[in-house]
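Here's a solo chain for you in structure tokens, the form predicted on its own.
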């Protein structure tokens, strides 16, 4: 990897680690200092490596510089005496030493604790995702704005308000008490679920960013699985769901970033290793006496990795949706159930169920009706697809719908 590539790569992998460790040390009261020190470290790396070349171990170089910058800054400011000093044990010599531990274990612990702090119920879900992308994933403000189809000013204000709220609520960067983990874990899993979906179903045209969002959600989920306090059935179920979905990532988009419908996907592009991982974590999730929405969605995703278009497959998916919807209703899940119904039974039955949903502001609703009517009433199919085209927002969705319209027109 060349120098112009390695710094952006290291920023994505190491920035969040440095911020989490320093943030744990100084708290949300001074989280911007942790972010500034991490940013300054990478700025110095850009300047120094451009002149002297890459060090033998670039990550270790970054850690050393970050530690030194943090020590210097803390010693010069009241943060040391007010925030850091009370938590430092006196050595035998009676002196105080600022210990900045960037070992793998402390990095993992710090990121987990930061995750619980960011996913605090006092701030809204979109702010939790935004802070996760910034602090835990190392995404820049422009990248976050791209993910939310927003602008830098809006994102900066959103993150500022979220940090202020966490300060006001005196949220500490630490593990919850054992008795509180399950309740807090639910919010963490919701944030990771939304973060993954933001990448998987995002209307952003940046396909690299889409995949990065999914991979970052998976990375954070792996941290939860690897810690004995959080390695619980719903955590494994969510990771299983992510693996199954990610296994089909490369088959879902063509070279122009347009969505390829499930029936048209090239199954040779499915990632077999991720499917195997998904099955492994789904089996690990099969303990205890509670079934979460993640268990059901992972099971649905599992059946979608089966290539054969059998009645058993679609009947199983249909029954899983029948169990999921009363637990956690969503318009997308309802639409997906209708698609499964068409596959398991017939399109006429599915049309009756679909039209009951009346999701008249959703382009996916009309896209589905267009698909269901295609072999039954082409004129009605065209009416629905043209409505879907008007409602669709992204270029990729519009192009997919246009192709469906063209296909019907050419076969009329």
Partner chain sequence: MKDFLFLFRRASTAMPTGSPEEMQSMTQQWMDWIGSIAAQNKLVDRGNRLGEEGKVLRPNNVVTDGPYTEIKESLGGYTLVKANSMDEAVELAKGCPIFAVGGSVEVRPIDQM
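This one's a predicted model, so the numbers in the text were calculated from it and none came from an experiment. Residue numbers count along the first chain shown, from 1.
The form predicted in complex with its partner chain is left out here; the points below concern that form.
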item: Non-hydrogen atom contact residue 134 with its partner chain in the model of the complex at 4.5 angstroms; value: no
item: Contact test in the model of the complex: residue 293 vs its partner chain, heavy atoms, 4.5 Å; value: no
item: Proximity of residue 326 to its partner chain in the model of the complex, heavy atoms at 4.5 Å; value: yes
item: Contact test in the model of the complex: residue 36 vs its partner chain, heavy atoms, 4.5 Å; value: no
item: Among the candidates 232, 337, 210, 248, the residue which, in the model of the complex, approaches its partner chain to within 4.5 Å (heavy atoms); value: 337
item: Heavy atom within 4.5 Å of its partner chain in the model of the complex - residue from 156, 319, 77, 310; value: 319
item: Output flag, 315, 353 and 356 jointly within 4.5 Å of its partner chain in the model of the complex, heavy atom basis; value: yes
item: Answer range among 148-156, 126-134, 327-335, 261-269 for contact with its partner chain, defined in the model of the complex as heavy atoms within 4.5 Å; value: 327-335
